[in-house]
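Take a look at this single chain, the form predicted alone, given in structure tokens.
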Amino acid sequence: MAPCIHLLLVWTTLLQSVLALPGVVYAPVASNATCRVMPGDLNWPRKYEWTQLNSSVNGRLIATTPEAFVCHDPSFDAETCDTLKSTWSFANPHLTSPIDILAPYFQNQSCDPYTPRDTPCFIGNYAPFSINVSSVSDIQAGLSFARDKNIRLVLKNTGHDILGKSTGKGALSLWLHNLKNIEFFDSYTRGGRYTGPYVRLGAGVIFEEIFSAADARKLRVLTGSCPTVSAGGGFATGGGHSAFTSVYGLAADNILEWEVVTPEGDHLVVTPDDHADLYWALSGGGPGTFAVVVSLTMRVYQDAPMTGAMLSYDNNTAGSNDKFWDSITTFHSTLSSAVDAGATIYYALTATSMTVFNIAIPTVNASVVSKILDPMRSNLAASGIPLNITSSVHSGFLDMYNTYLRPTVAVTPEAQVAGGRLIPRPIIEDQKASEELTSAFREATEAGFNLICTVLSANKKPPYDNSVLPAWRSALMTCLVQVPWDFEGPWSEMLEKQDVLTRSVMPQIEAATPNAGAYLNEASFLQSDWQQVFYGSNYPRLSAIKAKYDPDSLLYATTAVGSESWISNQDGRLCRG
């Protein structure tokens, strides 16, 4: 049998299988013209139309199956299911799937390894079809098909997004994870305002791949701390903080070019000089709504020896709960000078413990290191807390990362109930305001939540104007308020935690940080007034650019620019509001 005929037969079998899954077959209905077409609607594409699309993308259309189908009859496999359970709260099983995501609320237990074996495996909120994108033409074909057939379209890269942006019921998904090219160059010649070294990254390149490639060339590339996130997904488009933010700014501040396909199918290279409005919007205005990112080009920096440090203490060390919480305000008072000296600091705070799991210092200069660490040691000692600060010198970033950040990230579940807030520097530098913030943090932890905060300075003026939330420029911290999702507990309990976070915990932190905003990648999908909180004064201009490049509003993502024009009905159907 010829290979192409065999491939077509295999794909047709998969197509028939996915259409037979529970949750995919619906009673035929006529869809409203203001709503996206769903499986079961009379005008849902016929099998031959999906086959034509598959042919147009050279057999790269996937009739999808959720990863957890192996945990349910009739496909139950005990050993495979147990392995999946052990990793379900982490990125890996979702990373290599064209549709699976990390956000438990949007998984909605439709095909969950923790639900009973005899519970049917539904497609649910997952996209029933996905294109494994390998080229610009694949993207153009997917955009055209979704537009012509009035189908919801979603963009999925690694599946990390905790706000549900990378999935959608009844959607066609563009899976960008396999756009893996990495190219380094010595000098940038386009535009003239920057002529130094740079890197071009395919949209699917993850940080782990960047770490090793950059280390081999003794370069620093601005990446986050989670090794399985991709730079070309939500990271850089949302702003993107790194261990070097206090030195080089946010990832979005370092973008030279975006290679994109617009919703109307135009393949563009977008720079501060060419299609400058779209460059501005993509550089901080959030993912999944202005265009499909194919690759990004960003500045890189020479790597050099650097210092890492860590410290921890708890309420027993402090002598009491009240003294412990007083010490948090004291610790916060040392942070402005630390970031001014170039440090980026990562800490985790619970009701009884403070763990600073990495102080990333981009130098080994003893006076700089002392300027950062000595105030922490002396100020807390004056409060009756003797600190043992562990520090070490490293050959470069990757060596420091492997020592401090990787061990913490590796054991931290990524499936969670979460909200987020930027903490303004003036709040921390005002004693009374800082004490009120500490009180709000205490209330959050006593309600059962943890705070994972990154301390940094993003106040350097970027070389090119961009749409990063203005509140970033006066922020001293970005904090994720979270609790790991308990897949073995009742679903209702996790929804209750989400409700407590939304209605009680976050409003207290917001009251202590007026007009502060939040990092749109580390926040809650239930955030009220999200246009102001995530985008601030940039929102009107971002909306106008969205309307220019996506006049039919083909691209939709939760809390993304323009998403207020749509509502998701009770059955998950996307309709114009």
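Start at 1 and count along the sequence shown; that's the residue number. Please read these numbers as outputs of a predicted model, since none were measured by experiment.
One more form of this protein, predicted in complex with a small molecule, exists but is not displayed; see below.
- Annotation: in the model of the complex, residues Gly159, Ser225 and Glu414 each come within 4.5 Å of the small molecule through at least one heavy atom.
- For the small molecule in the model of the complex, the listed stretch (353 to 361, 292 to 300, 374 to 382, 121 to 129) containing residues with heavy atoms inside 4.5 Å is 292 to 300.
- Heavy atoms of Thr513 never reach within 4.5 Å of the small molecule in the model of the complex, leaving it off the interface.
- Although the partner is absent here, Lys169 is not a contact residue: none of its heavy atoms lies within 4.5 angstroms of the small molecule in the model of the complex.
- The small molecule in the model of the complex is approached by Leu176, whose closest heavy atom lies within 4.5 angstroms of it.
- For Ser230, a non-hydrogen atom is located within 4.5 Å of the small molecule in the model of the complex, even though that partner is not displayed.
- Checked against the small molecule in the model of the complex, the candidates Gly419, Gly234, Gly142, Gly285 yield a single residue with a heavy atom inside 4.5 Å, and that residue is Gly234.
- Just one of Ala252, Ala203, Ala458, Ala471 comes within 4.5 Å of the small molecule in the model of the complex, counting any heavy atom, and that one is Ala203.
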